[in-house]
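Next up: just one chain, as structure tokens, the form predicted alone.
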């Protein structure tokens, strides 16, 4: 198993995909930091946490616990990149026909999938740490420039960091599961992006109470940040959101592994 994990780590480390995703995720996080300030600390999507009088346009600064927590956890909205990393970890093998060689070296398919899960989860954790560093650095500088307290922002990092790290790791696991289930790279990416960018928004718009049960709602709860659409959404507690995210990730990983075991890869 250790050898399989090392092999998967070598594949990811020596390809451009993880590095490109990390750079794009960092850039997106920078834009989200700006969005948090523009929305008065109400989160990337304009969720609750501040009123109109707390917008930067009025000269006010972020100061409440939830506002600072949303700023520290702004990178949580880039969790989709961890999902894409997991998807690409599997589908790239099928796209470039290297899966046959991989299975010749390691014919035990569940072990190969397990190695991809572990490797992607670890790399997703690294991505989460990078985005936390970008958020604290960039957000702290912007907050200090507005007369806010950088120290107070740092105090919110322990409340956000564990959940954010868990969320990214579980999104990576979910991506491996989806990639194992849908091995066509284009189809898998379309399904993932379509679900998180379109379908979830439609579901939330029609049935607002379902937000807490969706992956994005569970992720926001696990990371202790507010992520809504201008209305208050009651999310689960952080541990409930973490368990729900774990259930999503393991369910897709198990289903994808089971199907991959019976799939002809030639």
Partner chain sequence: MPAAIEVRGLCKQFGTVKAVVDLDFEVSSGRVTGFLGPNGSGKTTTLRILLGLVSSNAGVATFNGRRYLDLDDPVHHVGSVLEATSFHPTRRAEDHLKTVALAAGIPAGRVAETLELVGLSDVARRRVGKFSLGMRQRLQLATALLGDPEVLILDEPSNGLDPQGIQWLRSFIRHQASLGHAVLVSSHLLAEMEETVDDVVIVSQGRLVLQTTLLDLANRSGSSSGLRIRSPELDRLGSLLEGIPVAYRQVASDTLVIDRATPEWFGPFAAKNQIVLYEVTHERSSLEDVFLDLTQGYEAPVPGAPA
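Given the structure is predicted, the values throughout are model-derived calculations rather than measurements. Residue numbers count along the first chain shown, from 1.
What comes next is about the form predicted together with its partner chain, which does not appear here.
Trainee: Specify the contacting stretch among 88-96, 155-163, 135-143, 168-176, defined as having any heavy atom within 4.5 Å of its partner chain in the predicted bound form.
Mentor: It is the stretch 88-96.
Trainee: Residue 10: heavy atom within 4.5 Å of its partner chain in the predicted bound form?
Mentor: Although its partner chain is absent here, residue 10 would touch it in the predicted bound form, with heavy atoms inside 4.5 Å.
Trainee: Do residue 100 and its partner chain share at least one heavy atom pair within 4.5 Å in the predicted bound form?
Mentor: Close contact exists here: in the predicted bound form, residue 100 approaches its partner chain to within 4.5 Å, heavy atoms only.
Trainee: Closest heavy atom of residue 104 to its partner chain in the predicted bound form, within 4.5 Å or not?
Mentor: Within the cut-off, so yes.
Trainee: Who in 163-202 is close to its partner chain in the predicted bound form, meaning a heavy atom within 4.5 Å?
Mentor: The stretch 163-202, when checked against its partner chain in the predicted bound form, contributes no residue at the 4.5 Å heavy-atom cut-off.
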